[in-house]
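Just the one chain here, laid out as structure tokens, in the form predicted on its own.
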């Protein structure tokens, strides 16, 4: 018997005025999967994230999380249900220390959830150590490099008890060294059984960390499969570069 998906999107469409942005998208993400979402600029990737996280309401279709229909829930309610999002623009509090940034995530938890964690300050230090930022604990977050900020934001979002993390281009503007650290962090989250849906333009990066890749083109799911299947697909080349006139 197939397990119920953590995230299920069914026949999702979004039309704004005379423009169809998303068209009849259906996809599933199982608990513990890391799934990549790729496609040319304007294919609808970030718009889909905005619908999943509740910032845009679909014209039709449904979004279910853990079997519950959340299509009409607001963004704050979806966050409480377990959807965490890391935006392309940094969402950390730059004037707070790293410790304070993590503590803010813990303070958003319910009383029972905080009780399970125990000593919040110890848990905060452990979180920073997980992303190798423990030595900067008392520094302002704004003093970090772009890659370090991204690591802090990912760690903070998941420590806020999120069951599904939406990552929007986490390697954008990040050095190769920090890109490797971000990849390692995502792999460690997968080992913990966490679930990640990630937008990326760096195909080699996403192929190394993802179980599956979904390709969007002009607002539709155009291709889906394992990283090797997608990378070797003739259709992927057509999506990005157009049809080969010699074939």
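Positions refer to the first chain, counted from 1. Owing to the predicted nature of the structure, the values given are computational and were not obtained by experimental measurement.
The same protein also exists as the form predicted together with a small molecule; that form is not shown, yet it is the one meant from here on.
Only one of 204, 193, 42, 67 comes within 4.5 Å of the small molecule in the predicted complex through a heavy atom, and that residue is 42.
In the predicted complex, no residue of the candidate spot (103, 107 and 185) has a heavy atom lying within 4.5 Å of the small molecule.
Only one segment in the set 207 to 215, 44 to 52, 59 to 67, 174 to 182 has residues whose heavy atoms sit within 4.5 Å of the small molecule in the predicted complex; it is 44 to 52.
Within 4.5 Å of any heavy atom of the small molecule in the predicted complex lies no heavy atom of residue 239. Contact between residue 223 and the small molecule in the predicted complex is not found at the 4.5 Å heavy atom cutoff.
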